[in-house]
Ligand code: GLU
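A single chain, nothing else alongside it, follows as structure tokens in the form predicted alone.
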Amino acid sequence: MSKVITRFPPSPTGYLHIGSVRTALFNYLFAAHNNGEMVFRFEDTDIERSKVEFEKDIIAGMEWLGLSLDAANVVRQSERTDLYKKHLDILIGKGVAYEAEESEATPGAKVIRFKNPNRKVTFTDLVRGEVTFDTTELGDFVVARSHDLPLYHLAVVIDDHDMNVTHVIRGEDHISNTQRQILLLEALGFERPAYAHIPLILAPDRTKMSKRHGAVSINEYRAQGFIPEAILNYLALLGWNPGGEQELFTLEELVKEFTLERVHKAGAIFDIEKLKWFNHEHLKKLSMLEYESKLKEFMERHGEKAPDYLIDIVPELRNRAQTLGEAAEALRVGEFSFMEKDITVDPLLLVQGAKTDAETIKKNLTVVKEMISALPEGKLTAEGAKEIIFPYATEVGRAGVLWPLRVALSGKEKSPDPFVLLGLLGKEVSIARIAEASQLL
């Protein structure tokens, strides 16, 4: 068997779409699983709609995801006109392509049409099995606007041959294109690649994914704080079944497990909440330093600076925030401002949710302060604090202990629970803040 070569050929007429990424991923996984490679090219024959900004977006998205791409050697169809003209001349020389009127509506305008042999075309789809088309209904279809303007079907057939592509893995919406392309490659004497048409990604209402269903550009997801590992993991499972209970995969594990035999035929439903779950799970697998680094880089890209105490609150952020965007927002709105050196405590807030009087609150805070003071240095953790304080709070009334304790430590009406606060602030700061709050009562 020749070396497996797949291809990812996006059209730079829009931003890198989540569906295009899934197609690129399946091509990448299949090639890597078989020790092959995935080639990349821009199909920019649509001159009017193709834009450099879309090219840059696609390249940036692919590089961020970590899928193979040599940005310095990107192939563009617009730069391969001579190759297309050469093969177009071959088709005309064989008498299977000819210049003709574009249509009755545009008299005088000439195009080049392929002379359809009007026969049935059958191919074995590696996902869907045997597929047959009767090409008669296509008529003599246009393959070029002129010698210098080849259309998609001709260019893609020539490119796949020139790049030695062995497997064409693409969305099922391309399945009807296969009949034209097989006719063209046979007329040119090219070897037929294997075809695999994968299911489309559908919105929850089973319609095609669109802007109204949320972000569809991969770089929009990046801007929201999703990470590549989670996106690739989730997209791999949209239309492919690994055959076991495992859900969380690294890219290397996906390469090892991926086969086309386990690709579904039915459309795959995109669920943003499930993507968030995958993202959260992958974030929780990061070390504290890895998480801190990713969050700092994310905030810097958005023109924000991470606080000096970030590393201290990583465990809490990593546990709570499903995306880096959510973590950054928590910092932005001051949810962790209690980590600053100085806080202000409102005496009225100390009493507000305690369901008891100031004298009782003061007594409770004194008891808690003594409990914390008795702990050895370095032993004040959220779990340890709860173990010694919660039984007392349960005995005398939780609201009268836990509410004022939380306010004393944070100065806020809303914050993490008091045990988490104690673990984050440490023994010395916690004792000082409890003492200061007690003096306000």
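When you see a residue number, it is the position in the sequence shown, counting from 1. Everything numeric here is computed off the predicted structure, so don't read it as measured data.
From this point on, the text means the form predicted together with the ligand, which you will not see here.
At a distance threshold of 4.5 angstroms between non-hydrogen atoms, H174 is in contact with the ligand in the model of the complex. Proximity of R170 to the ligand in the model of the complex: non-hydrogen atoms within 4.5 Å are present.
In the model of the complex, the ligand sits within 4.5 Å of a heavy atom belonging to Y152.
Among heavy atoms of E43, some come within 4.5 Å of the ligand in the model of the complex. You can rule out all but one of 127-135, 82-90, 186-194, 152-160: in the model of the complex, only 152-160 has residues with a heavy atom within 4.5 Å of the ligand. Residues of 6-29 placing a heavy atom within 4.5 Å of the ligand in the model of the complex, in sequence order: R7, P9, P10, S11.
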